[in-house]
Every structure is written in C-alpha cells, then in structure tokens.
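One chain comes next, on its own, written as structure tokens: the form predicted alone.
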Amino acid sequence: MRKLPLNVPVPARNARGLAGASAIHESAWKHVSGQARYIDDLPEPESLLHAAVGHSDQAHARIVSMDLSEVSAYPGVVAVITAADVPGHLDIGPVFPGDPVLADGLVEHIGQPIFAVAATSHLAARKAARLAKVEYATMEAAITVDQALEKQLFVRPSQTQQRGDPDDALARAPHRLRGEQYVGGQEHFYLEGQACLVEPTEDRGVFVHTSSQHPSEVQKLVAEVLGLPIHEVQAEVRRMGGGFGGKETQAAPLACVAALLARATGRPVKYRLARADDMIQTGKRHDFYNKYDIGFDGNGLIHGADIMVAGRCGYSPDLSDAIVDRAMFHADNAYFLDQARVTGHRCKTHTVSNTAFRGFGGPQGMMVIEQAMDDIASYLGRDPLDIRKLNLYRPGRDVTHYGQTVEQHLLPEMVDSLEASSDYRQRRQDIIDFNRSSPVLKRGMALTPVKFGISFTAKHLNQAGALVHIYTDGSIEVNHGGTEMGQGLYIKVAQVVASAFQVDLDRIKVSATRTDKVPNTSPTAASSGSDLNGMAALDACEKIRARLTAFAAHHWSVPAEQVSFVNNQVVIGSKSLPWADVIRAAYMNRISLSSSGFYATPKIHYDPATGTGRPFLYYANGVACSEVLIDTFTGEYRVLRTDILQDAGRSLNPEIDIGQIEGGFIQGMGWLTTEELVYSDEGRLLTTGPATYKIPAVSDCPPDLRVALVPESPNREATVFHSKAVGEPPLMLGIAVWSALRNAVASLTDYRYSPRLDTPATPERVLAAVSASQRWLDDQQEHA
C-alpha cells in the first residue's frame, strides 16, 4: 500500500474554515429551519406502499401454524410475504449467521418478525399485521445473563486474555477483595427512528434510501435476500437523525423487508418503525454481569486481578463477539493490572439481539475496575482518587493484559490538571464537612479517568475510501464512505479538503454517502469516522495536488518546489494566481481534476487464540470530576457540577468536538442513572417509549458543566492532521457520576463501606444502597 505523505503542514489560518477552526455543522441551518431531509421527509414516489411486520409474541417457540387470511383481506393490503417468499438468502447475520430476515418455523425473542405486509398506508399496514392467527409450541427460554450462564448458553465461544500468573499473585497479595455488579443496557432512542425507502430499478434491482451507519452492508444484504449481484443494488445515506451504533446493523433488516416487498409488488415501499415497535424489535446496548477478584498491597497498588465480563447478547451473535472483546480490552480502563486474567462470555438469551452502542462494550468493561477502585479505597480508608492515581499506566508499568504497550502517558498529567482546576481536594474536604452536619442530604464526588482504544477490533473494517472532484469554477465535491448522523463528520472531512488545497471551506461540498460512488465501505462507528475518511479524502487531495503542481511547474516554467497553495491562490514562482484560474487552466490542458483516495489503518493486529496483540492504533484519554447531592430518605439526587478535560489531539474542529464531549457525557450519565430497560419474566420489554423509559432531560444536566480540551496535544500517530477521535470516549466520563453517587452513600459509614450500586442507579437503587449501608452500620455496632 502506498504510504501517505505526512508532510501536510498544519495550515496557517488564512483561508477560512480550515482544519483546526471551529466551523459550524454543515447542516446546522437546515436542522434549525426544518429543511434537513430525513427518510420520512423525502417526496413520496407514485404508487408508494408502506410496510409493517407481524412479530412473535413468544420468547422461544416453534410456529405450529400461521393463518394470514385476515391480514391479506384487510383494506389496503397489497402483499403479504413470509420466509418462503425470500428468493435469495434468508439469513442476514452481519458477521456470523443466526438472523433470519423473517422467522422460519422457530422464534427466539418477542418481537421477532415472522411475516411482512405491504399496504397503501402506514396505518393500514400496522393494523393488518395484528390480525394474524399464529399457533405456537412454546419452549423453555433463557431471559437473563444469570440464566444463560447457568445453562451455559453462548452465541460465540468464551475467550480469555491473560498475562503472568494471576492466581499466584492473588494468593500472595497482602489484601484481596471480590465484588460483582450488574450493568444495565441502554436504548439508543435516536430522534429519527429506523426507516428506509426502497424503489425498484431496471434489471430487477433496487435503490435504497436508508437511515444506516453502514450503507455497504445494507447494499450487500439486500442483494443477498433478493438473490442479485451486489451491483444491482444502490444504497444512499444523506443523514441520520441520530445513530449511536443502533443503525450499524439494525437498519439492514428493514431495508431487506422493504426490498422483498418491492420485489413482490413492483412498487416502491417505505418501511418506518413506530417508536414502540422500534424499541421492541431492535437491539440495544448489552447489559453485563461482571465480577472481579483483586489482590493489592497496603497502599492500594494492584498486584493481581481475575475479572469476568458476561454480556447479554440476545438470540444471535450480531456484533456481540467484538463487543465482548472490547469489554475485555477495557476491563483495565486506565490502570496497570500486573498479573491479570480477563474472561469474557457471550451469553445467549431469548431476547432481541443486542448490538453496537456508543462505546461498543468498552463502557461495560470499564465499570468493573472502577467499582474495584472505589472498593479498595473504602477497604483501606483512602481517597478513591489516590488509589486511581497510584494504579494509572505510566512508564515501566505500561503494557496491557492483552500485550499492547501504552505509548503516550497523558493521563497522569491530565488527572493532576483536572484535580487542580476542579479544586478537588478542597471541595472534597468541604463535602466531608457538609455530610457530617447534614443528616438527610449527602454529597459525593468522584474523579475518574478514561483510556479508550481507537480502531475497529475487526481488522478488515479499518479501511476507507473517498472520491474528490474539482469543477472548472474551482468548487469541490467530496464523497466518502462515512455517514453523517449529527456528529459533524461531513464538516470535518470538508475542512480536511479545504486545508489540503488551502481554499475557503465554502468551496467544499460533501455529497450524500452512496455505494455506487465509494464501494465496500466500513460502518461509521468505533470513533473512526474522521480518522479513516479524513485520511482517505486527504489521499485523494494529495494525488490531485501533485498533478496540479506538476502542471503549474511545466506550464509556467518554474521548478515544482516553487509551486504552493496559499489562501485561495496558487503561488507559481513570482506569480500568485487565483485558485479558480489555475483550475480552469488545468482543465484546458487536459489535467485530471478528480481522484479516488484510500486509507488503511497501520500497525494493528490481534490474535484471539492467544488473547494478545495491538488491536488499537492509539488511545484517547479523558478525565471527569462530578459532584452529586442525594436525599437519603427518597434516593433522589442531582448532579451539581461536572468538570471534564478531554484529549482530542490537534482537534479538527474544537467546537464540534466540545459538543460531542458534552453530548457523550450526558448520554453516559443517562445510561448509568435513569435509562432502565425492564423485561418481564417471559422476556417482554415493558419500557417501550418515553413514558416508561427516561433519557436525560435538560433538567438532569449539571447546572455547572465545564469542558476543556488538552491544549497543544498532537497525536503521536499519523492520523489526519494528528487529531484524535472524540465520538465514543466521552460517554465513559459519565462513570464519574455513578462513582460520585456511591461516594455520597459511602459517607453514611464514614467511607468505610462501599455499597453495591448496580446500574442504572435509579433513586430506588440508591435508596437500596442507603439501606445496605445502614445495615452494615448496625452490624458493626452489634459486633463492637
């Protein structure tokens, strides 16, 4: 592979909107004016039909009989299809098999689609789908992680990562603690629900408008269910109204169903899920059951660790293998574990298959070691921050349990910096004094770090393509494989292109992501959107710039070294010509003004058989300090203040990055505090909308939220302009809120007892932790 040139300088701020400047989101004015088009806003084609599915009301059963006569007879219904009507592949598993587009005799979760309906209206399709008469032979179901572990049900084999001899280290450690926790799942709750619009084309093909983070996967799976070559299917994504990982694999089934109905009817089909159906039928963040066994000395330094993480994967593999891998990779978070073993289980349950969610298993893995840090501090009577600082990765203690060396040690300095800027020590003493004099209201505070690996853990996904066109008026169009879901990827890539040519940002347009422009793309996920697509676009620009340089040198008879691009001009020897004039001259002289670009992440490798390798190109780092106030009578609480320091490298767009940090933190806080997924014993989701599922509101946000980027911190790795990813890492900063809640409850026992606080830490669970602390105090007094 051709090595990318790395000599593109950080540009002077002369042309407007270059990389490093805080340019506004490219669709901001469309968002606020209501002109941004989503799938449901597209003009409806003539003879459009609407899709719905009939889904299982059993968690695990065989279908004995299915009578769809009333469905077909309902007014407005044009077609009804079942698994028998699929002309191509029935299984649409994204990585491993196990996901039939329509159930074929066996259902394995409540909400699994078993047939599909096309009707002349959205309402008619939904009403008709409810009229099916289905007879089931029910089978035993496993709903929880505990049940799956007891029955040894797994969607993929369990794996272990190990360094040294943790059993011996644990046996020899002066102190030893064990603990366990349940970490709840999370609904994506994107503003725009799952939706697609499929139009038949010539040669039996289809054009798919999809709200997907992975249009190439949509293209491939639609082609497979239709029994077509991939080139007969095109997929396009202009924007999504939020994704958060929920549209990485979960958008494809809708597109497949709509394409099958379009094939059956010869008419365009729109398939849009109502919110309740969306929550029932699509996967969520995996909930986890974690355990730790930690050995440490009298200072709190960890000598050995044995950690288990077990994710509820649902009925099929989906992306769970890689998600549990990442939970294992991040079970250390920011701490050197010395002799360590981490075991990961991929538990099969008869619930909807859980899927990607911002952080992709990393947050769940980090939770277990952060609980251990608090528990060690209570056991030793120390400040939790001191225990955390003592165990941070640093030179000489910088190899992870899976063998990757932490090469850039920013966290010790970042922790010290935030400790000082947040006035941690004085505020902590003030909190202790407040709690001693306040019998009901208690305050708590925690400062927690985040070390998050950046790269897809599936190596082949670490690639991207781009296409750059320069038109004869000097305007530039860019297309790449990344998708825009509100995170600002399009504006960042546009800034990269503007910087490469040193022209104003308003000359650049990034067009909708399309599979017939840039093929075989990876999902926009793993915080790698800017890293991958920015570098691919830069590669394309470098090729064009090399042609322009050679042309200008030859045409105006100067050495190539005397050709440069500055402030919308091309400097050619002693001349300085407008950018557009040089582009027109190049066109008249038959110089190609278009190029594709490509990038593949270097250095990464991982061997699952040995549990060792370098799965990440680099680590992104962040630190958060949160203060909370709880009511020990009710368990209710408020977050009073949060301070955040995030390393974004040499940020491509500081304001966009700060917005991502704020949003990520709030989403992480919601995951750990208010967002509770409740299932019945039979596996039925009971929280199916905003009335029963609480995402954070404005009133839940800290009234005092302070966010800063680490200044002058270029990435050591050769990422685009030495920036760092900021999509996922900030979500885990929300752990500081959960840890602060534990700290507030621990004040009831003078910080001698660290209560278990499973997540989400709802007021009910906080109140239960308060009660557990009171019982602990009573036991201590009884034995005194």
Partner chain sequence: MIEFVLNGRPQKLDQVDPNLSILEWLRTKMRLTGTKEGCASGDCGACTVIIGTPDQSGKFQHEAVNSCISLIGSLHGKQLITIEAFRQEPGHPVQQTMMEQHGAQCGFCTPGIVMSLVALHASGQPDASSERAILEALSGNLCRCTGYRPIVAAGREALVQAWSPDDETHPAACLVQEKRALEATLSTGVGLSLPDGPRYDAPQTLDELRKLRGRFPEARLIAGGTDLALEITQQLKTLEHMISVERIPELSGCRVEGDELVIGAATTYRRFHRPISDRWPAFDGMLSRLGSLQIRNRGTVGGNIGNASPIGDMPPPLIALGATLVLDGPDGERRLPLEAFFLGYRKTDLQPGEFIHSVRVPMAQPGQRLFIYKVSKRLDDDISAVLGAFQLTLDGNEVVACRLAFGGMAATPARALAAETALCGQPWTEASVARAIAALASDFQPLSDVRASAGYRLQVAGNLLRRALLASDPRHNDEPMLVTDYA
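Residue numbers count along the first chain shown, from 1. Here the structure is a predicted model, which means the values were calculated and not measured.
Note that the form predicted in complex with the partner chain isn't included here; everything after this is about it.
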Establish, in the predicted complex, whether Leu18, Ala458 and Ala550 all lie within 4.5 Å of the partner chain, using non-hydrogen atoms for the distance. no
In the predicted complex, does Met66 have a heavy atom within 4.5 Å of the partner chain? no
Should Gly266 be counted as a contact of the partner chain in the predicted complex, where contact means heavy atoms within 4.5 Å? no
Do Met588 and the partner chain come within 4.5 Å of each other in the predicted complex, heavy atoms counted? no
Heavy atom to heavy atom, is Tyr637 within 4.5 Å of the partner chain in the predicted complex? yes
Only one of these stretches, 139 to 147, 297 to 305, 629 to 637, 563 to 571, has heavy atoms within 4.5 Å of the partner chain in the predicted complex; which one is it? 629 to 637
Contact assignment for the partner chain in the predicted complex, among Tyr393, Tyr490, Phe357, Phe452, heavy atom within 4.5 Å: Phe357
Give me the residue from Ala708, Leu131, Leu123, Leu577 that has a heavy atom within 4.5 Å of the partner chain in the predicted complex. Leu123
Scan 427 to 450 and write down, in order along the chain, each residue with a heavy atom lying within 4.5 Å of the partner chain in the predicted complex. Phe434, Pro439, Val440, Leu441, Arg443
